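The data below hold one chain only, encoded as structure tokens and taken in the form predicted on its own.
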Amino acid sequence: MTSDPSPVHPQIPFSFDNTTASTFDLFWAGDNGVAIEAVEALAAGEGQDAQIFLSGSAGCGKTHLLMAACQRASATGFRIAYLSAADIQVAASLEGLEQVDLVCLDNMDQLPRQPESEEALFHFINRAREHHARLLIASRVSPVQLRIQLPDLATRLAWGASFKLAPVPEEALGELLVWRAGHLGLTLGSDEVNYLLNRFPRDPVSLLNALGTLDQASMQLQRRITTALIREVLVRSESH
């Protein structure tokens, strides 16, 4: 998916605007400040890194940062492309992407385990380096932990900076909810925070999705977020 009005790759154009939740401003930094700074610099075409590899467990924000980088680069006027490594089957899957300014490859741990996929990615990374395209790669595991059969591809994936993203600790989930609510223009009291923490899975993705649903309901119903609204909107929807 690219933001170029005349895409060099036959994928659906991907547009980014200021309403998306996947921005750098809406990313909980925690202990990931250095990684975020590096990704922001890459998206802006600054800094020394032409390739960055992000790893971390599910829910730590890898895809969020890739989307934020795409939005930042697109807003700056750069051509961008985002795709999942799971979709890399043959060379044509990556054809022409070296012509864009920033390519974000998500789910690298889902790269198909077949020679055609690995060879396609190997040659693409070489072409990207040749054309000065910047690469942002994300995976649940680090480059050295990927089960790559092609040694030269394993070497290419280890190029550039590598960061392991730290997840939001459980004791900071309440603070995360209040922080995100503030960015959404919402007031979330301690009763509401505790209710969400006790009623829903204690992971950032589930809690922030719940908060997003509450934000929409609050606007539609013109009501502030209370435990009554949470029960009405979220708990009732779970029962259906």
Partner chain sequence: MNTPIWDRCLSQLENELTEQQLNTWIRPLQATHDGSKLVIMAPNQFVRDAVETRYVSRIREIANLLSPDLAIDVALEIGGSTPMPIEAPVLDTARARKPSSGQPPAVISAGDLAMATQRARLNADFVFDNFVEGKSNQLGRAAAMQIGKNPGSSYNPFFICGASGLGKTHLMHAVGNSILKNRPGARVMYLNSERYVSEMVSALQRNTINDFKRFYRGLDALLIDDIQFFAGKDRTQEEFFHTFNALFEGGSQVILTCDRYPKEVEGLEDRLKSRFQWGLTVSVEPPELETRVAILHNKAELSNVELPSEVSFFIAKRIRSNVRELEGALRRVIANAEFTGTPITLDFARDALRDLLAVQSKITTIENIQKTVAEYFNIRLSDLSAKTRSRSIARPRQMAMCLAKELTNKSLPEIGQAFGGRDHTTVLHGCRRIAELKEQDQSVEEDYANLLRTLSV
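Positions refer to the first chain, counted from 1. Note that the structure is predicted; figures quoted are calculated from it, not measured.
Not pictured, yet referred to below: the form predicted in complex with the partner chain.
The stretch from 168-176, 30-38, 182-190, 200-208 that comes within 4.5 Å of the partner chain in the predicted bound form, counting heavy atoms only, is 30-38. The partner chain is not drawn, but in the predicted bound form it has a heavy atom within 4.5 Å of Arg156. The closest heavy atom approach of Glu116 to the partner chain in the predicted bound form falls outside 4.5 Å.
The closest non-hydrogen atom of Pro112 lies beyond 4.5 Å of the partner chain in the predicted bound form. Looking at Ser218, you'd find every heavy atom of it more than 4.5 angstroms from the partner chain in the predicted bound form.
Contact residues in stretch 128-167 (any heavy atom within 4.5 Å of the partner chain, taken in the predicted bound form) are Glu130, His131, Ser142, Val144, Gln145, Arg147, Leu150, Pro151, Asp152, Thr155, Arg156, Ala158, Trp159, Gly160, Ala161, Ser162, Phe163, Lys164.
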